[in-house]
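Heads up, the chain shows up twice below as structure tokens, two forms, tagged structure 1 and structure 2.
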Structure 1
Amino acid sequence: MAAEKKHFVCVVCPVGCEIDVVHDGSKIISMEGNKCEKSEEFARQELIEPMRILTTTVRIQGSRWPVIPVRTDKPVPKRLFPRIMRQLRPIKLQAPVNMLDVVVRDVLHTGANVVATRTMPRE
């Protein structure tokens, strides 16, 4: 594959570097605009498979609030978001839940766990 240009906005941190990458479909040939090395890794991954942390809520019983916030404990392929959301929909946790308790282990074989992001005491 011939060299192609691609423009990215790095979302690793709030700086939001605008990066221009020249690539051959899988490998980066050159890049400019990034202020740190994290953007390099971001752009490399973005070319192959865009990965993001998913944050959402699941239902919970026996607590002050009916839902509890959760996230994946590492980035997962962005394209799997709808499927992960579907998998989380029927879940109903029981309070108490501690922050970082695992809600779903190895969600959709991504290697990422879905974990609670707050403590929810029993009420």
Structure 2
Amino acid sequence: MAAEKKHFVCVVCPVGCEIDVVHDGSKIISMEGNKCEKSEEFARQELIEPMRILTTTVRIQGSRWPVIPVRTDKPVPKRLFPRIMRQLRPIKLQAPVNMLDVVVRDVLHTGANVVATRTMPRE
């Protein structure tokens, strides 16, 4: 495979290193722009399997608002976002719900839980 160049902006810390990576598909040939080991690790992970925290909302009944914000409690593969969203779509929680209550445990066998990020009392 011919060498390919990719550009990343690291999101691990507020510095936001702009990293240019030249790789051949199986290994990194060169990396420029990273200012710390965390940004180097981020770029390597992006090449293998981009990971992100998924944030969205699910429906809730019996509360002041019709939806409640939720997120995964750790990063999940970005490629799974559409499948996770399909799994969350039919969910209707019943108030009250407390912040960090688990909405879905081990979503799609990723080891991550989907948790509420706000307390919603019953009204």
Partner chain sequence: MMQVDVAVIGSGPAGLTAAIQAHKSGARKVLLLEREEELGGILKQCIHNGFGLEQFKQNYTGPEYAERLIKELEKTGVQCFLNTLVTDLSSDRVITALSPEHGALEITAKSIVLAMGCRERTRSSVGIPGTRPAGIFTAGVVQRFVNIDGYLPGKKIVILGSGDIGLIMARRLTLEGATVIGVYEIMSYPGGLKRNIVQCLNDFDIPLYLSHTVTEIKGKERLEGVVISKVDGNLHPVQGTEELIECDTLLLSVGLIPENELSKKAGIELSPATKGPVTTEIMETSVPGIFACGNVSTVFDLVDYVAQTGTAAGAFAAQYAFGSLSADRQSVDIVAGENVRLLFPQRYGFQDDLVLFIRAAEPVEKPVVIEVTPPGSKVNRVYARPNEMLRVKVPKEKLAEVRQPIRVSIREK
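Residues are numbered by position in structure 1's sequence, first residue being 1. Only the largest set of C-alpha atoms that superpose within 1.5 Å between the two forms is called the rigid core. For clarity, every value in this text was computed on a predicted model and none was experimentally measured.
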Which structure would you label as the form predicted in complex with its partner chain, 1 or 2? 1
Taking the rigid core as the superposition reference, indicate whether the CA of residue 22 shifts 2 angstroms or more between structure 1 and structure 2. yes
Do you see a C-alpha shift of 2 Å or more at residue 13 between structure 1 and structure 2, with the core held fixed? yes
